[in-house]
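Starting off, we have a lone chain in the form predicted alone, written out as structure tokens.
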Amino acid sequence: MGLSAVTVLGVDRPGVIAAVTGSLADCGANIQDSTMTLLGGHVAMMLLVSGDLDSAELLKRLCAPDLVVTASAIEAQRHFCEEGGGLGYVLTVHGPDRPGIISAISAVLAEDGGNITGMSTRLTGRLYVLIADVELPKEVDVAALMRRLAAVGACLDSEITFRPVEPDLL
């Protein structure tokens, strides 16, 4: 079984997700991991798909005139946190919109080996909101990292919070 990364972008409309996932199911492809969201009135999907079809065949089956679709063969990778047992945090930013917010925040996290595993941003009027899931190596000095994030927040005229993830109860 091969693994493919599939991306889909198109104008949002009822049924677009059903059409894409139905096409995948019809050709025996299994969605192993996915994220789907709306970006400015467009649906954006990223999926990791396994099955007997190669990426080129998947692309043929998913093509639609109103969608931009890509499919690429990839190798399975272990997740950063699975290997080292990293620590999970949620980072939020609230402040005025301006260029460079994501760049500044992600650079501070990267200095300590932090990995953003999920992120969502929204602009509501002049208020910019960012919410990110972050994984840190166990050895990171979290207090020092929080001080550096607060300093960046002050430069951006934004409030930044950084808190541990609540343990999942299944």
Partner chain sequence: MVGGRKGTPREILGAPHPLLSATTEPVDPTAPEVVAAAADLLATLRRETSTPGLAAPQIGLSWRLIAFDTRLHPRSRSWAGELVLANPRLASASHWDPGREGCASIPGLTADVLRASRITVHAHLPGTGEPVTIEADALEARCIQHQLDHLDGLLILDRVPGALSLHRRLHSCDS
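Numbering follows the first chain given and starts at 1. This structure is a prediction, so every number in the text was calculated from the model and none was measured.
Same protein, other form: the form predicted together with its partner chain, not shown, and the subject of what follows.
Quiz item: Closest heavy atom of H94 to its partner chain in the model of the complex, within 4.5 Å or not?
Solution: Residue-level check for H94: yes, a contact with its partner chain.
Quiz item: in the model of the complex, does D12 have a heavy atom within 4.5 Å of its partner chain?
Solution: Judged by the heavy-atom cut-off of 4.5 Å, D12 is well away from its partner chain in the model of the complex.
Quiz item: Given that the partner is absent here, does R122 sit within 4.5 Å of its partner chain in the model of the complex, heavy atoms only?
Solution: Yes - in the model of the complex, heavy atoms of R122 and its partner chain come within 4.5 Å of each other.
Quiz item: Is there any non-hydrogen atom of D54 lying within 4.5 Å of its partner chain in the model of the complex?
Solution: Residue-level check for D54: no, no contact with its partner chain.
Self-check item: Sole residue of V142, I102, I131, V68 within 4.5 Å of its partner chain in the model of the complex, by heavy atom
Solution: Exactly one residue meets the criterion: I131.
Practice problem: Name the single residue among L59, I31, A44, L127 that comes within 4.5 Å of its partner chain in the model of the complex, judging by heavy atoms. | Solution: Here the answer is residue option L127.
Quiz prompt | its partner chain in the model of the complex: contacted by all of G2, A25 and E75, heavy atom 4.5 Å | solution = Spot residues vs its partner chain: no contact at all.
Quiz prompt | Contacts with its partner chain in the model of the complex, stretch 4-37 (heavy atom within 4.5 Å) | solution = Heavy-atom contacts to its partner chain in the model of the complex: nothing from 4-37.
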